[in-house]
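What follows is a single chain, given as structure tokens, in the form predicted alone.
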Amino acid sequence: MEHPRRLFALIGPPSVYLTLFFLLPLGIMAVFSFRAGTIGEARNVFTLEHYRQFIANAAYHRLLWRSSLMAFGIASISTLLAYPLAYFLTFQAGERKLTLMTLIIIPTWTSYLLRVFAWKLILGTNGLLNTLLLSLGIIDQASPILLYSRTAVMVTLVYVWVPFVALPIFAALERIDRSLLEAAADLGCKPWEAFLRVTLPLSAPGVIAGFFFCLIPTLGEYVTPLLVGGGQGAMYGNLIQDQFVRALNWSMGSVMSLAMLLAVIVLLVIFSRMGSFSKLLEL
């Protein structure tokens, strides 16, 4: 009897939390997706019309596909930049690694909006980038070269997510037994061979965790595209926000949110079918 009680005590609170703050809101959103409207008698009428409208609207599909590609690119770039950072902190920083890690994390204590606005100023007409290019004589007059574009959105989101992606990679690298690297060296492996055959496969769980830690929330991002993306850098999340806030069409917004969730699940299934990253490296 004692074992089931302990098991319930361990899984009970997380299960309640998951039910209240994920499954229940998801179920409510699914119900809203079938409603004919959110005002008056339409609230009690259930229909598939919003699903038909979504399926028939190719613009929605293109924006979801474009946003998925942008999120994938942002997660990939963030992971590529975060891995050398985490590797340096683990194997090269020595006693300074916790101090350096703290310095990397400190900017995340600042408001997210302030950091996005900072990049808006950097990329703007009178920002740091234009000032530098003018001083070097590369351009003749200031202009918002990168602002209000997909590039601005990607640069800003990569900056935001690199520290967070570095954390799980750092944790995975910290767990690697150093004796394995010594054994690889004793067996004649060069440093780069030991990295490819030992370090990278063993750190793969952290790499995958960091990648999806960035990919999933980035796909639904709407604040950063709204501030630095403009019309050219709009993402799928901006369309969902418009449906809920401006159009007050909660039913269509729910349908689009469920479609985005489906896209995330498809990506997860594809990666799970491909197998773990460490097995791919052994091919």
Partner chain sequence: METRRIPSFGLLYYWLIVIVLFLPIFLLILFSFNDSTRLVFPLRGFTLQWYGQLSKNPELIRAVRTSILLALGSSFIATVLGTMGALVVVRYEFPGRNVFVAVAALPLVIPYIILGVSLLIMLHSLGVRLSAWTAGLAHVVISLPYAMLVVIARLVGFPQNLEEAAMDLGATYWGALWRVTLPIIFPALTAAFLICFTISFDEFAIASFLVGTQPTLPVYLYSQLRFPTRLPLVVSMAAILMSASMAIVLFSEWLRRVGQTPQPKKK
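Here the structure is a predicted model, which means the values were calculated and not measured. Numbering follows the first chain given and starts at 1.
Beyond what is shown, the protein has a form predicted together with its partner chain; the following relates to that form.
Enquirer: Is Ser67 near its partner chain? Define near as a heavy atom within 4.5 Å, in the predicted bound form.
Expert: Result no; Ser67 lies far from its partner chain in the predicted bound form.
Enquirer: Please determine whether Trp192 contacts its partner chain in the predicted bound form, using a 4.5 Å cut-off between heavy atoms.
Expert: So Trp192 does not count as contacting its partner chain.
Enquirer: Even though the partner isn't displayed, in the predicted bound form is Gly229 close enough to its partner chain, meaning a heavy atom within 4.5 Å?
Expert: Answer no; every heavy atom of Gly229 is more than 4.5 Å from its partner chain in the predicted bound form.
Enquirer: Even though the partner isn't displayed, in the predicted bound form is Val269 close enough to its partner chain, meaning a heavy atom within 4.5 Å?
Expert: Val269: no, not in contact with its partner chain in the predicted bound form.
Enquirer: Partner absent here, but in the predicted bound form, which of 172-180, 80-88, 195-203, 67-75 has residues with a heavy atom within 4.5 Å of its partner chain?
Expert: Stretch 80-88 is the one.
Enquirer: Please tell me whether the candidate spot formed by Leu20, Leu121 and Phe244 is one where all three residues come within 4.5 Å of its partner chain in the predicted bound form (heavy atoms).
Expert: Yes: Leu20, Leu121 and Phe244 each sit within 4.5 Å of its partner chain in the predicted bound form.
Enquirer: Can you list, in sequence order, the residues from 210-231 that come within 4.5 Å of its partner chain in the predicted bound form, counting heavy atoms only?
Expert: In sequence order, Phe213, Ile216, Pro217, Gly220, Tyr222, Val223, Leu226, Leu227 come within 4.5 Å of the partner.
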